[in-house]
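Here you get one chain, nothing else, as structure tokens; it is the form predicted alone.
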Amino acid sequence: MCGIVGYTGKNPALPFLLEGLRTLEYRGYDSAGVELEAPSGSLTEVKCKGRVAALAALCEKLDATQTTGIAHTRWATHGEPSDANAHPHRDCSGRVAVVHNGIIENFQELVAELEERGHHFASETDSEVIAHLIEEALAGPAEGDFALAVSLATSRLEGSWAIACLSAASPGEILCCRKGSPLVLASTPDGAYAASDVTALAHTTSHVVNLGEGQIARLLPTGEVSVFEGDLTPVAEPDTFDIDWDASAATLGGYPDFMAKEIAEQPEAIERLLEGRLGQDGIVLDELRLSPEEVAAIDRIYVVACGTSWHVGLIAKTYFETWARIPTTVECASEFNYEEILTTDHTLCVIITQSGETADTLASARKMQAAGAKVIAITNVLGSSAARESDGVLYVQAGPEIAVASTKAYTAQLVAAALLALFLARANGAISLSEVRSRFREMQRAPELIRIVLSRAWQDEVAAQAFASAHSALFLGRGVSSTTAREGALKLKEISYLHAEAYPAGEMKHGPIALVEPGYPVVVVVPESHVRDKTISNLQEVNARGATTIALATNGDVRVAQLASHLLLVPPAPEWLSPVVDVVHLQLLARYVALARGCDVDKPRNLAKSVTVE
């Protein structure tokens, strides 16, 4: 959600700023802007509603030699998408410029206070207040000290923020700070860089500084990056890490869109995750940082996540309860933060977040830690807030996921959850070592099974025709397949803007069947399983009402083939593994429907990749 980039150094800033914004487009946005600073300190601002391409066109007449600047893509929270509400924002004098990710919760009180003292606001955003607070501090208690002004300004803020700012009084200097929202920095011989995440820096460096909670950083044209605590006490050893993937991983590489590329990358992602995970004594998860005694004593699990990751949690519950025999509750983070919780010293909280920066999920993790629970994060991003703040972390190693709708991270998270469940089950003695090895061998089959599904993408392209005149769709499944149906419906909604509902198939007759009429598309997930026959009965019910049925079924299932209008065939797989394999068809189906409807599958409207505000 939103993107920040900044640069000060020897080279022209504008090319990096624009390319950085393009790289961060996947985070979701509705407007964009840049602020350039001349050596004299004078500021030049260009911003507009719309895409980065529109901003780049407006920037063609700018002085391309300026070597310091900040830039931003905005996803509207306070104030509608507009030129005026786009970032950067300036103070009254026009000598301070700020870009901001997050939400300032007390901005209305601050605006009222500042207006009483004569400040004039040019936007409806919460972010503009930061520039005015810095202006006041520079003119008052900070006495022109830019870093002190930023420290004093942020001390007045409530909420979350990642901020990069310029001051005409300190040419060539960029000040950055964060609380809650991520910000990474880099020091190179060519200059100093800032960005919301590492994808914008991957072409520049493999070594980055992760700005810590409440910290402030000063970036200088020499490439120097100095980090301070909020009170400006120097940080001797800032948190650093190395980017573990090649920059080419964030390029299309010959694919028509990132969603197609990431769907195709799922077998390799799972193979990476599984490498070295089976040892002599069972599953190897050294990065969890929990003692054998702590693991063996776990008697209750909370799984907390949002969106697609919540669907992973629903399936993880089956793994934890079936294999480890541990009672498990799955919660939506946005609701969980305001509920009562029941914990003991042996409660485990598993948070699942692709980006590692999902605000609601992080808040849940902190809540559980405060209550005495241990927290394990399943995440894709090295050095993310989830990874740093949790007691243990399991990286899914899917590589950068650029398309907003998650695909490869989803299947990798499912496999990671299965690994964790087997690890817990072996630790508490719920299953034998031979069964762990058997389940792991089944897991190793997933990449090849997914490759078979990918080779049948033509089935999804044909089935997409069933949605040509549809206004809504229904997805049905039983057991773990009911969650696969949920994920399929979510993918369709996210990228095609076609309404879709998912239900456990047995619940369909308790209301949703009223939607079914001749030609209404119904996707039924009915692979070989212990509830296959029951699901077939539900398929017959919607057929009887004239639905156009798209059935996902196992190779050779003649009975389903006779009932379905369209078939999406999957190879035989163990029932527990079927969600990892089956969902690939539904990802492909959603993409083909979206393309047929003329939608941008990588950057769907109103959505952000990383939701860093509550």
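Keep in mind that this is a model prediction, so the values were computed, not measured. Residue numbers here begin at 1 and follow the sequence given.
One more form of this protein exists, namely the form predicted together with a small molecule; it is left out here, but the text below deals with it.
Among the residues 100, 491, 132, 178, the one placing a heavy atom within 4.5 Å of the small molecule in the predicted bound form is 491.
Listed residues 167, 196, 354, 266 were compared with the small molecule in the predicted bound form; 354 is the one with a heavy atom within 4.5 Å.
Although the partner is absent here, residue 307 is a contact residue: one of its heavy atoms lies within 4.5 angstroms of the small molecule in the predicted bound form. Contact check for residue 73: every heavy atom lies farther than 4.5 Å from the small molecule in the predicted bound form. When contacts are judged by a 4.5 Å heavy atom cut-off, residue 358 counts as touching the small molecule in the predicted bound form. The shortest heavy atom separation between residue 405 and the small molecule in the predicted bound form is within 4.5 Å. The candidate stretches are 483-491, 423-431, 439-447, 278-286, and the one lying within 4.5 Å of the small molecule in the predicted bound form by heavy atoms is 483-491.
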